[in-house]
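First, one chain by itself: the form predicted alone, in structure tokens.
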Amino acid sequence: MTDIREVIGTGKRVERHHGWPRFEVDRDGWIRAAETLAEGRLTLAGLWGEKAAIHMAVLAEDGGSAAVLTLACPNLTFPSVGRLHPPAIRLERTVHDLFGLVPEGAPDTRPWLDHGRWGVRFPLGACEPAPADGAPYTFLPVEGDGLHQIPVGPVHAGIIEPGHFRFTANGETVVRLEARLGYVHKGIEGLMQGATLSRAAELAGRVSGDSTVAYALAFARAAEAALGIEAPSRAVMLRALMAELERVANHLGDFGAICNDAAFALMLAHCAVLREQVLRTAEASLGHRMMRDRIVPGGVAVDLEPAGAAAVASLVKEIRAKLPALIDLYDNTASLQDRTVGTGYLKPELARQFGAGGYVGRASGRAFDARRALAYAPYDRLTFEVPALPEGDVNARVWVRIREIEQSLSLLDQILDTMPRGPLRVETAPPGMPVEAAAMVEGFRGDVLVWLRIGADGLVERCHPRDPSWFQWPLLEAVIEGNIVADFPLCNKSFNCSYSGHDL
């Protein structure tokens, strides 16, 4: 078992930080943590900056503990973590883009979110004018006989968000994929600075539209931990009900969409009907199809009336009745199995190294689930399994989704059966002194992290939301190698990484 405190050594604990402990470390402690990540004894959960400091969240999965490490950067530099641990590379590039902090010895210093169109450089740090003509972006070089490149995007034929994919292929076989993202950067972290808690909660719920419940929940839990308050028991159960409805809706959508990308549109039609029923039930029972702005710091903004509870129970019954036929259809259609089995293989060691969350990690044997590993309420008293498979291909990622739908239906039953009566919300008040906290919840795509600092006046001084896609996008580049170009949409859909959540 890895003891985070032993890794940190002489780091000083920050008393006003809640939820997880935060330690201020020196350069040796920072490097020691990076080395421990590289050895696989800790998992990187996030890395973000401030004007003169860098923060890193780490998990000790074997012990179910977590911590935030902070290194002061008076010279605006810090030892690169990415030099030792590749999952940190894109995060360090983002920290430089936003704050101007320089990772010493970093293996990749190209910009990531900054496409030279902001008009300024380092907007959250020592903001300075940007060159008028921007800067060219250089993709990694590829050399070899018979190789050709296929640029795709950033604008795509469907309704997905923008991202550029540069394929290098030998005939039809992909030998390298390099992605460029950042086209939907919204400046969420900048918008949150100085915002009221309620306004920042709204912004958190808009980081990634399909995960609005997960982000709102993570933000609310961080705010409550920082302020030292607890949401009422009924609100806690309502939050879990919304989270499971969001999970079921998205998994049903992905189940159909993956099959559609394998030219089996019938499954998309069936799953789309069920997904629509989930959304309509959410609107009828909770007032919004996506359940946006239903979760707020201190509790929830809406109650579940008896008619709404009956609607959710009826929905669970209907999905449970119809899902087995869809599973049989998927499992007994040879043309589907031909496309999904063995395609887009993600090695278990890569999933572990990158701390891949959600169905991406669990389909490659990494069974981390924040609901179970961190055991936050009400999941600490609900019964559910975390499905994990070793195969690592598109088919495994489909099956993890199927099993998670079944588990979510069971959780919805338990939530409805044990929902207590009582108040929905407790009031929040300015803390009178700066307070901080970190919180992690399990979204449908994987673990969502929010780190938050609230000022004495109750306004947000700094907030960093981290999407699970940060550690999944790089793995998509790995799984497509050796597959044919035509399988990329299938691999991509089986990952279903968030553009918006990543780009912030």
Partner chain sequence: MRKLLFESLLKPILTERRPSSDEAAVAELAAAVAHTARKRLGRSLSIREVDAGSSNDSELEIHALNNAFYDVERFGIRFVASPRHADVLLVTGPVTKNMRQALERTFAATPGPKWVVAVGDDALDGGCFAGSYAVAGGVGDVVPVDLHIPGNPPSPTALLKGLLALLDRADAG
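Predicted model only: the values in this text are computed from it and were never measured. Residue numbers count along the first chain shown, from 1.
From this point on, the text means the form predicted together with its partner chain, which you will not see here.
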Tell me whether I159, L191 and L266, taken together, all sit within 4.5 Å of its partner chain in the predicted complex, counting heavy atoms only.
yes
Using a 4.5 Å heavy atom cut-off, which stretch among 308 to 316, 101 to 109, 135 to 143, 179 to 187 contacts its partner chain in the predicted complex?
179 to 187
Is E202 near its partner chain? Define near as a heavy atom within 4.5 Å, in the predicted complex.
yes
Non-hydrogen atom contact V152 with its partner chain in the predicted complex at 4.5 angstroms
no
Is there a heavy atom of R381 no more than 4.5 Å from a heavy atom of its partner chain in the predicted complex?
no
Residue-level question: is L279 within 4.5 Å of its partner chain in the predicted complex, judged on heavy atoms?
yes
Only one of S208, N395, S408, S285 comes within 4.5 Å of its partner chain in the predicted complex by heavy atoms, so just point that one out.
S208
May I ask you to choose, among M433, V273, A375, V341, the residue with a heavy atom within 4.5 Å of its partner chain in the predicted complex?
V273
Which residues within 83 to 116 place at least one heavy atom within 4.5 Å of its partner chain in the predicted complex?
L98, L113, H115
